[in-house]
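The chain below stands alone and is given in structure tokens; this is the form predicted on its own.
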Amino acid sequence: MPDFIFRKASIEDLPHIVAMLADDALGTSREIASDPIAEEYAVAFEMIDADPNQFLAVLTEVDGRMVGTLQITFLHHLTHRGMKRAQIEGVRVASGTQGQGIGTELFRHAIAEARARGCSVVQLTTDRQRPEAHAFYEKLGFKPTHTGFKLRMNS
């Protein structure tokens, strides 16, 4: 397996990140991977980048080719005696590279980042239409312990 670099995303990474988010069955219906990148993504990136409780990460090979991305949100709770949690979302591995251990490497670094920031739990949500992702997360040790609900606020 090649060496990887796990780092905070930069604005220059944004087109590649959005392209990865759009490059799957569910992402094609909700993302816009155009050039130039849609302004909404740039605004969201600026807000994420400025928030110390957000970590938008990319995984690159040593040659600079981006092979994965995810976003970690660090949440402070009063429940469980003030436990701090890491919420992982927006997980993608570049097309054509799945099954090569890149997702495992991405999560290894993300979990280490959560641990370094004092989190007691790492949690994530995943669409019910992604059974392969469910199996992957369970292989990493994640347990399907809760049922999630969402309320869409816009049309």
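A residue's number is simply how far along the shown sequence it sits, counting from 1. These figures come from a predicted structure and were not determined experimentally.
Heads up, the form predicted together with a further copy of the same chain isn't pictured, but that's what we're talking about next.
Taken together, the three residues Leu56, Lys150 and Asn154 all come within 4.5 Å of a further copy of the same chain in the predicted bound form, as judged by their closest heavy atom.
a further copy of the same chain is not drawn, but in the predicted bound form it has a heavy atom within 4.5 Å of Gln87. Among heavy atoms of Ile102, none comes within 4.5 Å of a further copy of the same chain in the predicted bound form. For Ile32, a non-hydrogen atom is located within 4.5 Å of a further copy of the same chain in the predicted bound form, even though that partner is not displayed.
The shortest heavy atom separation between Leu106 and a further copy of the same chain in the predicted bound form exceeds 4.5 Å.
Counting a residue when any of its non-hydrogen atoms is within 4.5 Å of a further copy of the same chain in the predicted bound form, the hits in 61-79 run Gln71, Thr73, Leu75, His76, His77, Leu78, Thr79.
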